[in-house]
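Have a look below at one chain only, the form predicted alone, in C-alpha cells format.
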Amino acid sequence: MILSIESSCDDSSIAITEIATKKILYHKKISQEEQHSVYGGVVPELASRLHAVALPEILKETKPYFGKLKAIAVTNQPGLGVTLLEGITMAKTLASLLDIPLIPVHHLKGHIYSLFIEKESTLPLLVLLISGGHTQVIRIECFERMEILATSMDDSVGESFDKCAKMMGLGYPGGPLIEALALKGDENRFDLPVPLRNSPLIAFSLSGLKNAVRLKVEACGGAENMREQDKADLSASFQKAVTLHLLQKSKKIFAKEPIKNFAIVGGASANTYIRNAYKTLCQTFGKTLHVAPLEYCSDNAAMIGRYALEAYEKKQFIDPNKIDIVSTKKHQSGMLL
C-alpha cells in the first residue's frame, strides 16, 4: 500500500491506496473553508497551523495499515510554501521511520490522475485544468510526457469565482455559491465581455472580466445594496462569460489536436454549467469527455496516491533529505515537470 498526503492549500488529506488493485482503502479530508471564510480567502499562516493539527489526527486512523506500506507520497509543488511544509515534514518522518521510499508528487499531475482513481489510465489525453490557482490546457502523451499548451496570463478560473463572489458579498469559497445563485439568474441580463474574444492568442485571461463584474456591482450600489436577484443575474452572466472564454480557446486547440480523449479536472471542474458546455463541444468535435468524480475534483490525497502508483512502478523515489518545496503558483507553456 501507499500512504499519500496532500496539504498544498487549505485541505488536509491522507489516503491509503492498494498497489495491486488501485483501490482506495482509506481516505479522509478535513476542509478549512469555515475558518478562512471569515477572511474571504485562504490565509497561509492560518492554513499552516490548521494542517499541523489536522494531519496528525488523520494519521492516527491509518496506523493499522503501517505494516503493509511500501511507500509514502506527498505533494511538494506547487502550492503555499508554509502548508506544503506541513505535509512534507510528516512524509519525510514517516519514510525515515518506516524505512520505505518517498515519492514527491506534482499537485497538477495529481489532479490529472484524479480521473483514474481506482481504474486504469486513459492516455493520450487532452486536459483542461481549472482550479483555484491554475487554468491550463495540457497534452498528456504518457506518464513521462505532459506539455502545457495554454495557460492563464493572470487570474485562474477558481480565483476569479472566489474574487467575484467576494465582490458581491457572497462568502468563500465562491465557486459553489456563484453556481447555485446562477441557477436562479438571467445570464443575459448583464453584458459582460468575453476575454480575448478577438485575439488570436491561445491563452486565458480573466482579470478584465473580473473588473467588469466589479463595475456592475458598483453600478448596483455595491454588494450591500444589491438585491438577491441582482446577485443571481450577475452570477449567471459571469459564469456564462467565463465558460464562453474557455470554450473559444478550447475550440482553437481542438482544431489542431487529433487526440480524441478530453478531460476537465481541478476544483472548478465540479461546475455543472461548465461540464455541460464541454459535453456539447466534445460532441461537436468528435471527442470523448472524461471528468473526475465530484468528490475528487478539489484537492485530495486520493489523487496524489493514484499518481504515486505509477511513480512507484517506475521507482521515481527521492531521498527524504533532498525533497524540495516548490511554491510557485503559475506555470508557463511548455513541459509540465
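Owing to the predicted nature of the structure, the values given are computational and were not obtained by experimental measurement. Numbers for residues come from their place in the sequence shown, where the first is 1.
Only in words, not in the display: the form predicted in complex with a small molecule, which the text now covers.
> Do all of P195, G208 and Q248 end up near the small molecule in the model of the complex, with near meaning a heavy atom within 4.5 Å?
No, the whole trio is out of contact, none within 4.5 Å by any heavy atom.
> So, S114 and the small molecule: in the model of the complex, are they within 4.5 Å at any heavy atom pair?
So S114 does not count as contacting the small molecule.
> Give a yes/no on whether G267 approaches the small molecule to within 4.5 Å in the model of the complex, heavy atoms considered.
G267 belongs to the contact set for the small molecule.
> For E159, is any heavy atom within 4.5 Å of the small molecule in the model of the complex, or not?
Flag for E159 set to yes.
> Taking the small molecule as it sits in the model of the complex, is G174 in contact with it (heavy atom to heavy atom, 4.5 Å or less)?
Yes - in the model of the complex, heavy atoms of G174 and the small molecule come within 4.5 Å of each other.
> Note which of P101, G87, G132, P104 lies within 4.5 Å of the small molecule in the model of the complex, where distance is taken over heavy atoms; exactly one does.
Looking at the other structure, the residue within range turns out to be G132.
> C297, A47, L55, L309: which sits within 4.5 Å of the small molecule in the model of the complex by any heavy atom?
Contact with the small molecule in the model of the complex is made by C297 alone.
> Spot the stretch among 284-292, 65-73, 268-276, 47-55 with residues whose non-hydrogen atoms come within 4.5 Å of the small molecule in the model of the complex.
Of the options, only 268-276 has residues within 4.5 Å of the partner.
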